[in-house]
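Below, in structure tokens: the form predicted on its own, a single chain.
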Amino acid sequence: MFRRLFRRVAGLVATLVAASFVIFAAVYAAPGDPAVFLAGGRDKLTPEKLAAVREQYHLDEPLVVQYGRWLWDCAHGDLGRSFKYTDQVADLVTSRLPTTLALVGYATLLFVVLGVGAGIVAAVRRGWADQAVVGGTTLAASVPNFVAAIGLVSLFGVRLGWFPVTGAGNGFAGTVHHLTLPALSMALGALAIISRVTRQSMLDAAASDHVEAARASGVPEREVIRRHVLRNALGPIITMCGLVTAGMLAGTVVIETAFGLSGVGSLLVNAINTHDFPVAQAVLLLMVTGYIVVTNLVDLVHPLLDPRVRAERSTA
């Protein structure tokens, strides 16, 4: 157990270090010179002033040295100072992170409840219900997030006026009201995936021998579905829900931009447009870290839901 935990932690750290280097190198290689932006533009820019700015922000050092300095500071909780806002990057990210987490959490709640529910209905009812779920999810999966956002804003925000189209709101009720359309826009594609996975997992579990034995023993159909079918189908469903949620942490850029939300995604867009390297690097590292942590948590929870996976890993 100790060796397994050590290998998992070591692999997690190695993945984060490799991802951090890729992020730092990619931002470093982006077109544009941040020193020019820091110096106030190219108007009346002299080589001496440009060199002084480079030296002040350590932009004249080699890539590896800059990466080592940045990684050491990140390990100590110092994400640097924003080139544009001149504030601590950690403060900027912390102030915008709750909006992004609320959006992802709301979208996750929607696609889990609606997607799993639709998949169960399709697997149990079959017939017209199955065809309606498959057709509806196929349509939802084929619509990009930004197209769904425009359509929802046009219908429910402009024509019907049921929901606001910008801002994150105040308080719990205000936040839910403001984030309904953005969360629904994010959840549509995920809902289609989860419903398909739930439907197929339920059908595979229903074809097992122990399910037929339970029906032959006179167990009520509701109990058969709840205790024998759904319970055995939870493993793939939970795994896919976790992976989709992890992907959403890095996929809020389009939705936050479309709905004018002051979240981490919009902060990343502004940082890239203004060559604000410290902010872009910190936000990208946060997104990658969130994805890695969520996927590892799903990997840890899966054996708890499915004893067969736990037995296979113990044997291995």
Partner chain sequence: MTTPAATAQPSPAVRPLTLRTKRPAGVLIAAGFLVLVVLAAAVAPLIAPYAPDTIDLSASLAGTGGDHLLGTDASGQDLLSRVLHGARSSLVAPLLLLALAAVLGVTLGTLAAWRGGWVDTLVSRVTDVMYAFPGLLFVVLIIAVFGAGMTTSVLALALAYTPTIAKYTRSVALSERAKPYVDAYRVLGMGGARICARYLVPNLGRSVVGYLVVLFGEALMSLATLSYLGFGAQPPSSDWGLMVQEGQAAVVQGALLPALVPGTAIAAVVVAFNIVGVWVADRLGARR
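Positions refer to the first chain, counted from 1. Just so it is clear, the structure is predicted and the values come from calculations on it, not from any experiment.
Not on display, but discussed next: the form predicted in complex with the partner chain.
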Name the stretch, out of 180-188, 156-164, 227-235, 101-109, where some heavy atom lies within 4.5 Å of the partner chain in the predicted bound form.
156-164
Using heavy atoms only and a 4.5 Å cut-off, decide whether all three of V124, A132 and S201 touch the partner chain in the predicted bound form.
no
Counting only non-hydrogen atoms and a 4.5 angstroms cut-off, does N273 reach the partner chain in the predicted bound form?
yes
Would P220 show up as a contact with the partner chain in the predicted bound form if we use heavy atoms at 4.5 Å?
no
The partner chain contact at L139 in the predicted bound form, heavy atom, 4.5 Å:
yes
Answer yes if any heavy atom of I23 is within 4.5 Å of a heavy atom of the partner chain in the predicted bound form; otherwise answer no.
yes
From A90, V147, A207, L71: within 4.5 Å of the partner chain in the predicted bound form by heavy atoms is V147
